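Single chain ahead, written as structure tokens, the form predicted alone.
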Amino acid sequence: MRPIAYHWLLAGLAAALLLALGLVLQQGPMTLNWQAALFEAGSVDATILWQVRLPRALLAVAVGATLGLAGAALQGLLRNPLAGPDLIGVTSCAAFGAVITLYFGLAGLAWFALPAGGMVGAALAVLLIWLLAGSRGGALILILAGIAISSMVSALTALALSLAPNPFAMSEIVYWLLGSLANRSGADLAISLPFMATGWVLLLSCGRYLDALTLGEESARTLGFPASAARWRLVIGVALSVGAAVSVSGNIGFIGLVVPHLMRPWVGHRPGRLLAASALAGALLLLLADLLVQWFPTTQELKLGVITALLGGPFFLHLVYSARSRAA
């Protein structure tokens, strides 16, 4: 596929994102009176817009941007197109960190406990992947390391679920496993957004290093890039952003794997340019997935993680089939 001008690509994605945001704000069981919603403070329409629909839509944008950006950064760092926050266990570990804070009641003690648990879990996952697979590990080693980490975390999560002290704790744990943005408020956005934004800044600052890394670590070091500092920025950036995102949305898969693959041909396969494009595309994809969730005519709203898995699973199978065809 022929790459297009980078600024036109970003402008097109931003315009599509704004259009999707407008559609999401109109979606719901009640049709909004926009004049009342915008200019009559305290009205029912204003309450629905500012306290229900807008926080949920902005969280979908932030979480989607985080997962897309983190997926592109991990693929560039590990130089492996199969790397992604969910596939290699980062989102599972972040969700487990959040589950631990819920299980022991730490989430009710301090406002930062839940995002902190998610960030610690994500950081441990990235460090384990780095130790097990390294930057030179092939696709097989990466996938095996991710499967091992995800299996251990799934077992620990199942143990926490089976030993849940009460039905409320059990329902909260199930929520984090399935992933959803339902009933999210402005407080959730205010708690998680600073951590996600800090992670975005750290990841976007590594664009030139990721471009140089395509030539090899020695070449990147020769070009003057401090490899150790850049790697730590990437690890901390992924931990902060993914941990904070999962702490408010639960385990949402496949965004970090699918989006970089869709955007890579449009940016000329340059890892540095892929970062911003994947962030915008990830925000757009998750916002549309959340819109699809609200459109489904079901008595109980579907979980967002279910929709992304249904969309991402066939795409991953397509990647496997394409890889087999090239190898044949």
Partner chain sequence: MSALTAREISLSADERLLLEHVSFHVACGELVGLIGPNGAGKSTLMRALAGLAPCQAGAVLCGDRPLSELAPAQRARLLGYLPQGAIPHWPLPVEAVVELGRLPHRRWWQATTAADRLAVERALGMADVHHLRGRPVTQLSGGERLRVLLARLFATDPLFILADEPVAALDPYHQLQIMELLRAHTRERQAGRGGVVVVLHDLNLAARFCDRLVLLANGRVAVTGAPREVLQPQWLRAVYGVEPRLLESDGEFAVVPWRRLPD
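Positions refer to the first chain, counted from 1. These numbers were taken from a predicted model, which means no experiment stands behind them.
As for the form predicted in complex with its partner chain, it is not shown, yet the points below apply to it.
Contact check at 4.5 Å (heavy atoms) against its partner chain in the model of the complex: none of G117, S162 and S247 pass. Taking non-hydrogen atoms only, T198 never approaches its partner chain to within 4.5 angstroms in the model of the complex. Though the partner is left out of this view, G108 does not reach within 4.5 Å of its partner chain in the model of the complex, counting heavy atoms only. Within 4.5 Å of some heavy atom of its partner chain in the model of the complex lies at least one heavy atom of D211. Using a 4.5 Å cutoff between non-hydrogen atoms, R79 counts as a contact of its partner chain in the model of the complex. Looking at 118-126, 250-258, 154-162, 223-231, the stretch with residues near its partner chain in the model of the complex, meaning non-hydrogen atoms within 4.5 angstroms, turns out to be 223-231.
Residue-level contacts in the model of the complex: of Q75, S150, T101, S180, one residue has a heavy atom within 4.5 Å of its partner chain, and it is Q75. In the model of the complex, the residues of 237-276 lying within 4.5 Å of its partner chain by at least one heavy atom are, in order, R264, G268, H269, R270, P271.
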